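As structure tokens, the next two blocks hold two forms of the same chain, structure 1 and structure 2.
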Structure 1
Amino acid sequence: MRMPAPIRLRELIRTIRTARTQAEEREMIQKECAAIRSSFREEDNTYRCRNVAKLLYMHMLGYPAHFGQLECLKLIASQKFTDKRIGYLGAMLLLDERQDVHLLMTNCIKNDLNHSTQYVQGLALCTLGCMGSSEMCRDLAGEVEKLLKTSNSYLRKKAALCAVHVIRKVPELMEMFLPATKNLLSEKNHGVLHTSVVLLTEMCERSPDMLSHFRKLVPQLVRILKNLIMSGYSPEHDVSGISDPFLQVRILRLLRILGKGDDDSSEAMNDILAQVATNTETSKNVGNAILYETVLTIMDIKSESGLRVLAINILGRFLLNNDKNIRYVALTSLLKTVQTDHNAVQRHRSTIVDCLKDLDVSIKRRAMELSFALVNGNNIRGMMKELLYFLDSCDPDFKADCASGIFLAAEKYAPSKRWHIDTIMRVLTTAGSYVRDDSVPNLIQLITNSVEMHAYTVQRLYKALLDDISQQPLVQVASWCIGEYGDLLVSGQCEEEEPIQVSEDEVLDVLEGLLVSNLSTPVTRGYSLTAIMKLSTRFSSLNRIKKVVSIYGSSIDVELQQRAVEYNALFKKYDHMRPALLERMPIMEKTATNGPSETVQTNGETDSTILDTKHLPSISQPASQANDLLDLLGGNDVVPIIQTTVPTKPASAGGELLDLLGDLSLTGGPTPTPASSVPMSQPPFLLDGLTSQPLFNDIAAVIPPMTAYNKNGLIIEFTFERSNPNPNIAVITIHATNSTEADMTEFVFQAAVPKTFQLQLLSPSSNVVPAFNQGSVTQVIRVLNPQKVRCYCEPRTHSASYRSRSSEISPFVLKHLQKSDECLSGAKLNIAKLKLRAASH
């Protein structure tokens, strides 16, 4: 029984569109697909075209159609034009170069490229130029090249774009098209001209040689462009009174590439660019498209300054255009040129600022970026007003970037400290929740360093807290400040504005309020607990503070609990240390890099796992030295930094190691106390409140040099630097000098590090420290402390082996300062102690 003729395409489309549900549609599709499949199986030539067309429709609806791929190939191979048309369309839609089946097309295309009918040739060129794979392009490049030289403009233009595709797929083939480009530009046909310019552009972009070769075309291009502008109305190519804008834009783009970096070419095109810029009709999009391209070209080539100003002014006019598309491209272009033509762009600053109020998101964003680029010392006040207003009203997506930008600009150009603080306050109160995390430490640093503004700052922050405690960055900064400057707050010392009356209890109420509030994040709670603790040395309400601290000793939040416990310990056992520890922060050095820092692990954890001999770098050491190393591990002294004397302690046995770590190094005294009273096995960190919140992003910028050892004529000094590429590496240079009468030979510096550290000892300059300070031995040590664990430097009595003495080698414990505050103040006590040792080579 003969199958009925497959339904027509339009019929199918109509039928499918009557489906009321997705399921119904699917059913229809499946039914039809089945019919089509059997038709394909029957090798029905008559209706193959119709069936493939239907398949393409269903494919567009999202249904699989891969079983039609081979059918497309058959259609392409057919003699009928209708078949070929659908076949090639199907190939472009269904085949892709990843499947080998596409290669079967190659021969057909080759034949069709040589077909007697130009429309068939056109189909082949189009398909090849759209989806030809590299293999196909390689095989057929010769045919394309042939067609590029034909006099038939219909084919020539297609061949040019096909060549572009071939070059993109197989760049090595570019050379072969070179001869054919010879007289492409002498064509009258606009299609050929347009596609030729595209081809030339592609070649010049890919090859500097081609670029120099084609520079000679500049005069011809200029001439063509001139004709387009000057010639009268040409109906065929006219768009709103402009002659062939597509061609004009492409020529301008090619000129840009040819003129870039080349004085002569740039000069040759100077006039025509000025002409286009001044004569082009700007009432419609098409004219502006040409102006836009012209501006891009002027900015990229070596144009005269007059021309550049003209270009910027065009962009300025664009900014005032009603059409937001035009405003958008203007802002984009201005953003590109703001660095190089800064002053010219500045003139349009007010228009740009107006664009901040635009309704379109993309325009607003660009206007914001551009505004930040234009801020300078002269306009900072005015600009900041606008930007703060923008911050207030913009979308949440913008707020983080805007806030960061404002902080940056304020930092660079703030006219006064008071203004700076006010600006920060404004940002924190209006967009406080959107401020980036790393802004908090930066702001704290800023505030700390603005010494004369402390009272004013803390007052303002306090008042802000009374209003709103939901914005965490604001709350954190405020807590920190209250902790630091609470004394100024209650004493009503503010000069800048009317001082408020606030009592200690009120302040503590606020801070405690933060601790219990649902709005506070754990980080914020940490800040406020620490702030409360700090106030114990500034306020007199000691009992209240003690109470709070002890309550949080049983907090569920581990972080809070730990702090509370440590602070508790501070009250109980180490009360004499408390004032020093909680002293006012010194001015902080701005660190070089301000990336976010890692949260500090409590040192204790690392402490307890370290000092294991097998983790010492292995070296071939004489036995005696090995013993010494073991001894090194046994020592347990801690010297509080506040006392600058270096204690001389005998090394104790290694067995006390763990005790040592449990030892609360808070003891200023010579004997370590057992770690019994503290429930945690880790030494408490008083300044955890500060340090586990990354305040500053790096280890101290500057660690002052120190005399690590000074005894018996041997002086060893450490100077510190941070390694440039990796700020986690401290580079210590030791200088050993000898003022005795005898040379010190066999001088060996040893050091050992805990597991988490990495140590590298570079070769010392010498083993002999000459007598009478006649020279020094230097050695560079690099210490990597990835966890930023604090460690402690403690020089010990031992020295390198003297000729006449046999002392043990002393370990040098390096003070690695977690935060710059501790480092620089020198008066802060670091609690953890780590012994730093390394075996020298």
Structure 2
Amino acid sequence: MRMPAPIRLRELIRTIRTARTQAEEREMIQKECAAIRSSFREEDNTYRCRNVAKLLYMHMLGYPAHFGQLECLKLIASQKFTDKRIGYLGAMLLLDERQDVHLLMTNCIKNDLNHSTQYVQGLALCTLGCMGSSEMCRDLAGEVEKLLKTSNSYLRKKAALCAVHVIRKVPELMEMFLPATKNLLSEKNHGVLHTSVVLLTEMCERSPDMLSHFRKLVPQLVRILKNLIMSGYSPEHDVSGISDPFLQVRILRLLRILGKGDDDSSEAMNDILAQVATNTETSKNVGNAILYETVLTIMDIKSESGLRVLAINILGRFLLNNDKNIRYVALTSLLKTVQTDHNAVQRHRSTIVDCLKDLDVSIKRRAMELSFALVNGNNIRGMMKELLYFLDSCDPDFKADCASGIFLAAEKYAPSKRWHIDTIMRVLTTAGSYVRDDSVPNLIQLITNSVEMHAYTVQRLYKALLDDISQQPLVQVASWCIGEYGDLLVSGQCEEEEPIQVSEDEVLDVLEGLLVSNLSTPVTRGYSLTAIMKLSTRFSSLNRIKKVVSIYGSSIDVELQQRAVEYNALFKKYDHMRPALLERMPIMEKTATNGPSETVQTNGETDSTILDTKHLPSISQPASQANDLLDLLGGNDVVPIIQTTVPTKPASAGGELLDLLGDLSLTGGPTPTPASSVPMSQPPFLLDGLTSQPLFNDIAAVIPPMTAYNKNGLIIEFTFERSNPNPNIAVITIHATNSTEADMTEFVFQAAVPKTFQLQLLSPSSNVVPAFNQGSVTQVIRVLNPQKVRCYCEPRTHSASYRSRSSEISPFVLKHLQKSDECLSGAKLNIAKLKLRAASH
């Protein structure tokens, strides 16, 4: 019994559109799919084309249609054009190279490529160019190349696009299409020209050899582009008054690729680019697209400076366009070119700043990024004013990035330290909750280094605390500054603005309020408690401060409780050390990575160099205080420690700084003496032979140079002398030589002292010790001992301890990182350890 004729595609579409619910539509689709399956099983050739067409429509709606793949192949094998058209369309939609079924159509495509009808050939080319696998492309590349040489424009343009797909799948077949590609540019048909430019672009992007080969076609491409912009009205190619803008854009992209990095090609296209930029109408979006491609081409090739200025001016006009997309691409392009053409972009600064007020968030973000890129020393004040205004009114999503950008720009171009501090404080006041974590320590470092601004800064921050304590980074910086410079706040020494009258109790009330405020984070409370503790050496309200500190000794916040317990210990057990421990922080200098500048490490109360003794503070602490300080830092133990790893961070004051140089021998001999042979009851002092009398000019004669280290080919020698301008300064010079066959790299020598002394560590001559003793690395250490406290040291090895003698040289800790016996293979560094202590006369 023959089944009734299936409904037509148009009727199916009308029926599906009448469905009121998704379930009703699904039911209709399932019913029709069942009918189609039954028709396929009966091998009904009459309505196969109609059923596949309906199946493709269901596929477009998102329903499964994979069961129609073989039916598509049957339609492709049909001799009727209408069947082939639906079959090839179904193959492009339902098949891809991941399914082996598509290989069954290779022979059909090959036959159709050689068909006598151009439309059948076009169907085969479209299908191969859409979903052909690498195997199919290898098998059929020859037929595609033949069709590229045909005189039929309809087939040539389709063959060119198919060749692009073949090259993407099988790049090694690129040379096959080279002869035919050269002739495509002489075609007058715009469709062939367009596809040939696409093919040339693909070949140039994939092969540097093809790129250099096709550079000789630049004059021909320039002529084609010139004819397009100079030709009159052509209804066949006209789009909004512009002749074939699609072809113009494609040619401009190809010129950009050909002219990049090539002087001759860039010179050949400069004139035509200027003509396109000046003759293209900008009132329509079509013209703006051509101008945008022109700008990108000018910026990528080696164009003339005047042409680049013209391109940036075009982008500046784009910023005034009402279309948001055009404004966005203009900002993005200017952001890419601002580094190379900074002055030209600066001319449009006011327009760019106006884009900060745009309602579109993407435009605002690009405008913000470009505004920061335009900041320099000349416009820093005006640009910061606009950006601070933007920070006040922008969405929370922008505040973090905007604040970070202001911080970086202010640090780089600040006209004065006061302006810098005011700007950072303005940011913290406006967007304190959105700034990054490193903003607090960076501002603290800035304030510390601005000595003349301490009184002004602490007064401004105190006022800010009275107004608002919700911005936690601002509160943290203010707490730190009040703890450091609270005495300047109370004394009213501010000269930059009218000083305010503040009492000690008022300052303590503010800090105590921060401790109990619900707005304060645990970190902020820690800052506040430390500030109160520091004020114990600056204010007279000692009993009140002790009471506050003792209260938080039982806090449920572990961090706050630990701080309070340690501060209580300072009040009780180490009260004689409290003034030294709570003294003002020295200037925080950034470590120089290279250059001739000296690295100064100051552990005393002043930031001046140790050679300028007239600025040194008078130190009244007893000599035993140095012992207590070293005991507090863990300096009493004499257990040998073996260190096998190398810390990559700079040495800091503390126990780890005092546990260095385990293999350093100061005896001058090649073999160290066991510690058991040295009487422990009366330890000798460092640097035997130094008397307590000020015969400093003869120190070199008293102590000859000594070999401090001799192992694995590395020899380190010490020489000693006394500074002539200041006899309290001892100068130690190290000389490091290398007798191995390879250079020793990353050579570092560091030193540190207790707070009663001062140390200056000059920059080394190099960080590479040359091989075969062909050179040496030298470094100078200056140590100031104003109290002439005697010291002894405990250099440690892996098996024993040793001691040496000294008189008035200051105690110091030498840290030496040298290459071990594995240094030639780039393995690990070995850390030797040394401890030194001060002792009273």
Partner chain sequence: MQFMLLFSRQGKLRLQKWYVPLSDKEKKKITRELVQTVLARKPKMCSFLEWRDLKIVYKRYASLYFCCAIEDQDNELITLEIIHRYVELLDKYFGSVCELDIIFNFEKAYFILDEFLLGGEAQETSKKNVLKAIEQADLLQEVRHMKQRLPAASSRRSDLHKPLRDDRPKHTHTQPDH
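The first residue in the sequence of structure 1 is number 1, and each one after it adds one. If you superpose the two forms and keep the largest set of C-alpha atoms that fall within 1.5 Å, you have the rigid core. Just so it is clear, the structure is predicted and the values come from calculations on it, not from any experiment.
key: Selected structure - criterion: the form predicted in complex with its partner chain   = Of the two, structure 1 is the form predicted in complex with its partner chain.
inquiry  = Given a core-based superposition, decide whether the C-alpha of Glu71 shifts by 2 Å or more between structures 1 and 2.
reply    = After core superposition, the C-alpha of Glu71 moves 2 Å or more between structures 1 and 2.
inquiry  = Using the rigid core as the reference frame, would you say Glu293 shifts its C-alpha by 2 Å or more between structures 1 and 2?
reply    = No; Glu293 is a residue whose C-alpha shifts by less than 2 Å between structures 1 and 2 when the cores are overlaid.
ask   = Against the rigid core, is the Cα displacement of Glu452 between structures 1 and 2 at least 2 Å?
value = No, because once the rigid core is superposed, the C-alpha of Glu452 moves less than 2 Å between structures 1 and 2.
After superposing on the core, C-alpha shift for Ala53 between structures 1 and 2 in angstrom = Comparing the two forms, Ala53 shifts 7.0 Å at C-alpha.
query = In Å, how large is the C-alpha displacement of Lys188 between structures 1 and 2 after the rigid core is aligned?
reply = Here Lys188 registers a C-alpha shift of 3.3 Å.
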